[in-house]
Ligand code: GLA
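The chain below stands alone, shown as structure tokens; this is the form predicted alone.
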Amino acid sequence: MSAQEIINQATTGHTRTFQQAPTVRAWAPGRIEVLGNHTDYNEGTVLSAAIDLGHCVALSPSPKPGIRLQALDVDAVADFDLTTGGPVDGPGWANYVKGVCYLLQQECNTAIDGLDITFFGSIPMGSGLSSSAALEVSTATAVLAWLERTLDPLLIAQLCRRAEHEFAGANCGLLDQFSSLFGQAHCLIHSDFRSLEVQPVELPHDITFLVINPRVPHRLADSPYNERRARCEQAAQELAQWLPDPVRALRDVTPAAFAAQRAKIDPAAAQRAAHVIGEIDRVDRAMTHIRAGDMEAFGQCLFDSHASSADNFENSTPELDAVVEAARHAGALGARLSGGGFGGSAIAMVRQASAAAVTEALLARLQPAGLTPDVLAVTPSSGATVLPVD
């Protein structure tokens, strides 16, 4: 379903349920994480892209107090108010919207009340394409437009991340929100999570990505995500005792320094750190390959990243491993899991002219294993925006 079809359905569904056309509409995209897995909260660097899938949020004022929130895809409505913080006593999807609204109310020092809100999206929940961040960012974009307020995009990303931490229970980094806010058409986004600088990285025009979803749903709040993050922090603290230069995060540890000191720290923490330190180095090398136009070398970085995810971070699954191996044999330039892992999707980088052939060969290789994944070609796209209202 195209973005315009999603927007049209959100508009129609809002009008039908609340008997009033929306006065504000906003769109925010999901993302693919291309390289830099679990590096964001370790103050590292990431290559990502906003995609042409996302969420539309439509809203209108209501004479009734509180917030009425409609999830159009499940045909359900949740009611809550913003007089107190904390999760909604009801469907989990409402927490992303409540969290954003509650924190915007505090930041803007303005009551947010008497609103009807509808959201609808094209990102499959649990696919690893960050439907949660797209919902958070589209909500923030719509509510700020309704308030006639502007905030620095960095602050919006941080508020959306807090909403996910405090209301949804997932201790995520800023990557998903950054991608949704700062995306640019036909570009990767290079995000530095120490300096918080973001820059576009233009791709060759014949490069596209396949999102391959073996339909193994995940929810980061229920996964070992938080434990992996704690291990990374543990590794940084322990390595700081053995290295001459200050270590604030794993970003400060080079592969050579880690190799020299690895045996001195907790083995489980070292295993997780090996992945993150290697990923930060892979992003640096990948930038060199992209600038040189060597997409084959860049693609190999993706394959290496997935191997490290499987072996060191253990956030892959047998289904994702099978997808990546099938993509390799089908002729993809590179492939890896995308996002937090523990389920979700893989991505494959391909030449546009060979996308159909790679897809066909990949599906044929997976069929004997009983896997029939959804395969979708996605285009790096622009970030969040307020939509015109007729």
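When you see a residue number, it is the position in the sequence shown, counting from 1. Small disclaimer: the values here were computed from a predicted structure and weren't measured.
What follows is about the form predicted in complex with the named molecule, which we do not show.
Peer 1: 115, 104, 198, 172: which sits within 4.5 Å of the named molecule in the predicted complex by any heavy atom?
Peer 2: Contact check passes for 172.
Peer 1: Among 334, 343, 44, 339, which has any heavy atom within 4.5 Å of the named molecule in the predicted complex?
Peer 2: Selected option: 339.
Peer 1: When the contact criterion is heavy atoms within 4.5 Å, does residue 38 count as touching the named molecule in the predicted complex?
Peer 2: Answer yes; at least one heavy atom of residue 38 falls within 4.5 Å of the named molecule in the predicted complex.
Peer 1: Residue 258 near the named molecule in the predicted complex, any heavy atom under 4.5 Å?
Peer 2: No.
Peer 1: Would you check, heavy atoms only and a 4.5 Å threshold, whether residue 225 touches the named molecule in the predicted complex?
Peer 2: Judged by the heavy-atom cut-off of 4.5 Å, residue 225 is in contact with the named molecule in the predicted complex.
Peer 1: Just one stretch in 358-366, 48-56, 26-34, 345-353 has heavy atoms within 4.5 Å of the named molecule in the predicted complex, so which one is it?
Peer 2: Looking at the partner contacts, the answer comes out as 26-34.
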